[in-house]
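Before any questions on binding or motion, here is one chain by itself as structure tokens, the form predicted alone.
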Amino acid sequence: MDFLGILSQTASWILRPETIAYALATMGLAVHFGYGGLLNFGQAGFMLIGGYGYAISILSLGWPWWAGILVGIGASIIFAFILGLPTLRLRADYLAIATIALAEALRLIVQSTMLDDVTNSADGLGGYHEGFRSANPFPPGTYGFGPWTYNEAELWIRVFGLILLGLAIWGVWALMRSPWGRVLRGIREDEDAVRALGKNVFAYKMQSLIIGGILGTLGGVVLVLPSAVVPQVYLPSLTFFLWTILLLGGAATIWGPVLGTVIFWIVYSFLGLFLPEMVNAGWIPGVTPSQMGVVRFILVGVALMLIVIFRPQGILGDKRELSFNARK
């Protein structure tokens, strides 16, 4: 067993575009749930809008890559209104059901053959990278060291993603220290009390949904920069992974989504490499490598249960910020 090779491949996930994209989307989920108390189980829908909005605006409309990002943001705002107007007055459990249903409906729509000319249905979209790559400020060459060695295109994707993530961290930090953020936390704790003070609770919830959705959209854009837009990526399991990351790092924290994402991908990728190698080495007879690879999904589910039971506030969380029981 090449244990050093497994560790090297695992370490490479720290700066993978998927890691940065998940951190962005989880930051948006922190705005929804950690600070606003909104049980949004449809964050995958916002990521889908980011990916498809970016690709379609370039391929079908011929717009530049930066305009594609703006299109995704605009589409996510519209989707947030469609999602929020009928659901934000619902109780937490009904809100969760409604959001996951609408996100899944959106995935099925882009995957259907009736939009084949636009979305290419189940095959997804590709070939939209030229504009973004032509904006690369790095000259051709090899950068980095060890498992973090990239060519100029790979480095540009990571630097751009990290810039977006840094702006997201700063933006959420500034918002939550503002009067708006304090009102949002008050809504999470007791929305009736905030309403009694004359605040428009519904408007604050909608603003929270829009801001968190935009962050999810930016995560969706970063996710599709290296390869293609494929509808099967946006399954409900994507939202499940984001919730695992959020609860692992800490729901009502600024750095929790980042730390949770790094830990999640390190463990997830390590198990995906190590468990099949255990079978190949003969340590677990009677099991195929593909079967053993599925075990990591089981372990992620078990880990989520243990987090909720023994440390529901997450690694960086504070019990005073705990919001599982904040919504009625």
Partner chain sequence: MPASSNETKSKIATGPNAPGVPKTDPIIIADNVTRHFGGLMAVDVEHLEIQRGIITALIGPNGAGKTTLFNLLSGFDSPNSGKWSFDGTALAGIPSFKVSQMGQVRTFQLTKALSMLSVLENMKLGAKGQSGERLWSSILPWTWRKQDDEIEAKAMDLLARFKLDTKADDFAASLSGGQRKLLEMARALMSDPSLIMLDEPMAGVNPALTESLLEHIVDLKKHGMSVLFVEHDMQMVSHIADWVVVMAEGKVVAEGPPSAVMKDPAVIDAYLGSHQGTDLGVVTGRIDLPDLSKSKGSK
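None of the values given here were measured: they were computed from a predicted structure. Residue numbers count along the first chain shown, from 1.
Keep in mind that the form predicted together with its partner chain is not shown, yet the notes after this line are about it.
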Check whether residue 185 has any heavy atom within 4.5 Å of a heavy atom of its partner chain in the model of the complex, and answer yes or no.
yes
Do residue 164 and its partner chain share at least one heavy atom pair within 4.5 Å in the model of the complex?
no
Does its partner chain get within 4.5 angstroms of any non-hydrogen atom of residue 130 in the model of the complex?
no
Answer for residue 207 alone: is it within 4.5 Å of its partner chain in the model of the complex, judged on heavy atom distances?
yes
Partner-free chain; cross-checking its partner chain in the model of the complex, the single residue of 73, 194, 254, 225 with a heavy atom within 4.5 Å is 194
Only one of 132-140, 172-180, 215-223, 151-159 has residues with a heavy atom within 4.5 Å of its partner chain in the model of the complex, and that stretch is 172-180
